[in-house]
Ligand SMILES: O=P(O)(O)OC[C@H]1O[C@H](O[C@H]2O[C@H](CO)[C@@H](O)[C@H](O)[C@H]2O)[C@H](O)[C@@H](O)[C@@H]1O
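One chain comes next, on its own, written out as structure tokens in the form predicted on its own.
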């Protein structure tokens, strides 16, 4: 098996935690973000590339954990399934607005008013070349990675649309993206829902993510005596207890654990 000591170079605590996964797989549940964590970030949402070996590695690791591996993402559940086919892992999509677990499906729907808001936002974005609007059903994201010069004006406009949407939606900031999502959904809430049923019930969480949207699941992991891992260079403050420098290193860890 690929040596974890060689694989995990960033953080001793992370190395020790991953060694424990191999020794006591029945104790742990793993929750993984996708963009920037399992997969490298890309200029546009549709440009994401999935390494050929990764879906099978996640499947083998899930089997080692007795099925207690879930994807927790701002992407839709259907999008996550397409990335890692033919496997369909327990998944929280749209920051928890969609959840598929052993207990069944939980999905929020967009209201007619929110549908109209998305149409208005899409039409306005045509005035900002390079800004991409991603319709996620009960959520909508405005990506400005290709047009960083519009960050300030886009932030102002997204605050406007958040007010129009009302208290049932919240403005979520991310890496080069502003997103309106259901206010009652967060990645932390998604973890708590997973923990209500097997195979996640009574296990310690390992959470790995790279963005502000992952902080709520880091907090849950810390409160439950688990481990939280922030991916990326040291920058913004985080409540994560450990760090890995890149998505490539996360994939090396997955490969080592799945071997």
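Small disclaimer: the values here were computed from a predicted structure and weren't measured. Numbering follows the first chain given and starts at 1.
Just so it is clear, the following notes concern the form predicted together with this ligand, a form of the same protein that is not shown.
Asker: Just to be sure I understand the contacts: of 45, 232, 67, 55, which is the one whose heavy atoms reach within 4.5 angstroms of this ligand in the predicted bound form?
Answerer: By the 4.5 Å criterion, the partner-contacting residue is 45.
Asker: Which listed residue (177, 158, 77, 131) meets the criterion of a heavy atom within 4.5 Å of this ligand in the predicted bound form?
Answerer: Contact residue from the list: 177.
Asker: Using a 4.5 Å heavy atom cut-off, which stretch among 189-197, 222-230, 22-30, 209-217 contacts this ligand in the predicted bound form?
Answerer: Contact-bearing stretch, as computed: 209-217.
Asker: So in the predicted bound form, is this ligand close enough to residue 145 to count as touching (4.5 Å, heavy atoms)?
Answerer: Looking in the predicted bound form, residue contacts with this ligand include residue 145, since a heavy atom lies within 4.5 Å.
Asker: Just checking whether residue 61 would be counted as a contact of this ligand in the predicted bound form - the rule being heavy atoms within 4.5 angstroms.
Answerer: No - in the predicted bound form, heavy atoms of residue 61 and this ligand never come within 4.5 Å of each other.
Asker: With a cut-off of 4.5 Å between heavy atoms, is residue 204 one of the residues that contacts this ligand in the predicted bound form?
Answerer: Taking the distances in the predicted bound form, the answer for residue 204 is no, it never comes within 4.5 Å of this ligand.
Asker: How about residue 136 - does it come within 4.5 Å of this ligand in the predicted bound form, if we only consider non-hydrogen atoms?
Answerer: Close contact exists here: in the predicted bound form, residue 136 approaches this ligand to within 4.5 Å, heavy atoms only.
Asker: This ligand in the predicted bound form: within 4.5 Å of a heavy atom of each of 35, 40 and 73?
Answerer: Yes, all three are in contact.
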